[in-house]
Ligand SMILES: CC(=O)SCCNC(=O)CCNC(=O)[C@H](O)C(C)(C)COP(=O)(O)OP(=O)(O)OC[C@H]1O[C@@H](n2cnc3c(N)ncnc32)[C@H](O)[C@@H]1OP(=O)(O)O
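A single chain comes next, written as structure tokens; it is the form predicted alone.
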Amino acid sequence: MSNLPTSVEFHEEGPREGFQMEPKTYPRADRAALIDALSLSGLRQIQVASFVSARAVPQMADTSELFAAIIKRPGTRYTALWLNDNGFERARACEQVDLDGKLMFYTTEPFSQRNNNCSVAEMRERQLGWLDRYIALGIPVEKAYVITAFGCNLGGAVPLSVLTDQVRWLVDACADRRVPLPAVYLADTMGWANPEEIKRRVGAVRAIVPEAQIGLHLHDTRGVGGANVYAALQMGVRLFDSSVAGLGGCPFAGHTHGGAAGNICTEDMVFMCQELGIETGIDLEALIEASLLAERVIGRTLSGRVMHSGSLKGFRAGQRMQEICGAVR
């Protein structure tokens, strides 16, 4: 089945997942400047940082102060990640945070234990508590993530039935509380997905919850992130998490040589979609400027492609060709 969407939405996670993966903490002013630059590109959602333990993740110790330092742009939501009650209360207390009701589920026991210090079953029960809390506070549930939906370095292959069982449980839990579920995100946390498996699993989940949108949180761990996005587009998927300049990744994945590639690169995927005639609502040139700023802040060459080659806009207008020919002379 091929059904390219007319528009897609990219949710930017570089400021949180990207900087959280780095071994050092970068100046708050630099991170705020990057978020402001990303805002200028027209992104509809930017995940700024996480409210987590400063001892476990010192890079996120100043999250409240970072939110206070950014310039919020109308039309863009500025969200955060939390993993427990304390983190959620800190997010609620920070008035600059745009709260988004989200749920998280795991498919494998080893990664659930390593990432959240609980079993898969215990994580389910915690999510029931989050459902009830969101309802009590009037916070709409926006999406649910199934983590390691394609496979896990720690737990091995994830049968399709394990994924669909989690989704069915999730749908029943929401139905019991009469809570709508707008979106289900499948997370390729450790880079096991391939284009055919993207189609297979998106199709299977869509059959269970046809009224919800399917979103994808993809990593480019093994170089097939772009191919996976294209396969998802052919299935009509229009919601993607991504990271500027390809920042990010999973710190607990245990990749063989370390330093594995991060999330799918926002500007590369925006370029591909725009070349396919799919509307993104994003100013690619502004996004490239933001990615180059990210590279200057990080202080090393980053993995994005379009940020280094440029878009085709200048070439199509003839401007770049004139510049190149003038330089040759």
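Note that residue numbering begins at 1 and tracks the sequence as displayed. Keep in mind it's a predicted model, so treat the numbers as computed, not measured.
Below, we refer to the form predicted in complex with the named molecule, which is not included among the displayed structures.
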#### Entry: Three-residue site N194, R238 and R305 fully in contact with the named molecule in the model of the complex at 4.5 Å by heavy atom
no
### Summary
Of 46-54, 64-72, 24-32, 272-280, the segment with heavy atoms within 4.5 Å of the named molecule in the model of the complex is residues 46-54
### Query
So in the model of the complex, does any heavy atom of F111 sit within 4.5 Å of the named molecule?
yes
### Task
May I ask you to state whether L83 is within 4.5 Å of the named molecule in the model of the complex, using heavy atom distances?
yes
### Query
At the 4.5 Å heavy atom threshold, is N117 in contact with the named molecule in the model of the complex?
yes
### Touches the named molecule in the model of the complex: S242 (any heavy atom, 4.5 Å)
no
### Message
Using a 4.5 Å heavy atom cut-off, which residue among R124, R90, R206, R177 comes into contact with the named molecule in the model of the complex?
### Response
R90
